[in-house]
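Heads up, the chain below is alone and in the form predicted alone; it's given as structure tokens.
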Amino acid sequence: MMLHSKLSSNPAKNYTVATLVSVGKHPKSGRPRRSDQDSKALELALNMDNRSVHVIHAGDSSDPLRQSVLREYLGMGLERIDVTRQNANSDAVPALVERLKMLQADVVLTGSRAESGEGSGMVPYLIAQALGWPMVPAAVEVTAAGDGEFEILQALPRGQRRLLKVRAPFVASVDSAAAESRQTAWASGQRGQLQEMAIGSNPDEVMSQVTVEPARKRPKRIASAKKAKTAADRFKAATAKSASKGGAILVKESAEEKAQVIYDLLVSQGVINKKK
């Protein structure tokens, strides 16, 4: 059901918006970059009225590559980013929750899923659970409606939209259908500050028990036969000769030779990977 509702423009008192940002990964080159959804969340926060925006990152800002990405966020017009310094094997959620409690934030915006690292998409849900706040996924627009209430335009499948009204405080993850983020200015990014916060780190017990390895290409599925609607069609499909598209008939060859031919066929079709 498509909803056509105009967002309220009632004035609201000043409120605090916290945006969580992470280091993204370019889908083609793999180079570090601004996370697409996190930068859209920051763009959404910067476009809100009567707000104080705080940007938080959990990680090690001393790493040159990470620092260059954070300065891309600063180049969107920020004066500073709060960095809760965490080790590579730390769980970022407790540190983020502690910082949000210190800020007494009204609204927390973040991307739906990280582009690098674990990328489970559970961070906004875990933060909302720890704070005891409602969690709104797939947000594309957030507007203050007054009296501590906010109107959230939520993305639905097939381009549909739904208008929700939520009372602060709450956590919202921003959908990829949200407005594109502004370009980053290099000079502004160099002027901004990366301020480290003295917040303890907690080991990630879940990731310490798993093994991380590069994803392998999935094998191709063998096309299934077309479903027949009538008994006559099923009989015809069962008795019809399949058109020959090349191949070989093996009768007198040894079992090893026959197995090798089958193996080569499966490799050529991408069903299995060739052994090195």
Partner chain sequence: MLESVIPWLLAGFIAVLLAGMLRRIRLWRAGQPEKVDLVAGLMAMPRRYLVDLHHVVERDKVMSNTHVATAGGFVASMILIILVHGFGLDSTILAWALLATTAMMFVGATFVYRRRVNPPSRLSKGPWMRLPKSLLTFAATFFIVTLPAAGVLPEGFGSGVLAFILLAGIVAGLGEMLFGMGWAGPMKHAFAGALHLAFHRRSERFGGGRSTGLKLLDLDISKGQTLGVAKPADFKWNQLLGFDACVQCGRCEAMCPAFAAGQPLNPKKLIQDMVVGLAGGTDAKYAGSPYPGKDVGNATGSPVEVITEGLVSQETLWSCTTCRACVEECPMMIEHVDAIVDMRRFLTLEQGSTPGKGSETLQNLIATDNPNGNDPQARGWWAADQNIPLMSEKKEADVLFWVSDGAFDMRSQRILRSFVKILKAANVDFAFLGDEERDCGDVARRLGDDATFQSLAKRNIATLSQYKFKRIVTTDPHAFHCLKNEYPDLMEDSGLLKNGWEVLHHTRLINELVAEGKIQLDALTSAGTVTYHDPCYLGRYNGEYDAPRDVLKAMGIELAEMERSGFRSRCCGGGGAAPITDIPGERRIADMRMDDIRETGADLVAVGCQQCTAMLEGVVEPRPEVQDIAEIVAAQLVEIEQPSESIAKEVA
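Only a predicted model underlies this, so the values are computations on that prediction, with no experimental measurement involved. Residue numbers count along the first chain shown, from 1.
Missing here is the form predicted in complex with its partner chain; even so, the following discussion is about that form.
Looking at 217, 229, 236, 31, which is the one with a non-hydrogen atom within 4.5 Å of its partner chain in the predicted bound form?
If I apply the 4.5 Å criterion carefully, the residue I get is 31.
Check each of 145, 163, 177, 185 and return the one that places a heavy atom within 4.5 angstroms of its partner chain in the predicted bound form.
By the 4.5 Å criterion, the partner-contacting residue is 185.
Does residue 190 make contact with its partner chain in the predicted bound form, using a 4.5 Å heavy atom cut-off?
Output for residue 190 is yes: heavy atoms within 4.5 Å of its partner chain.
Answer with yes or no whether residue 72 is in contact with its partner chain in the predicted bound form, where contact means some heavy atom within 4.5 Å.
Close contact exists here: in the predicted bound form, residue 72 approaches its partner chain to within 4.5 Å, heavy atoms only.
Which one, 132-140, 153-161, 177-185, 92-100, holds residues whose non-hydrogen atoms are within 4.5 Å of its partner chain in the predicted bound form?
Answer to the contact question: 177-185.
Could you list the residues in 123-150 that come within 4.5 Å of its partner chain in the predicted bound form, counting only heavy atoms and keeping sequence order?
None of them.
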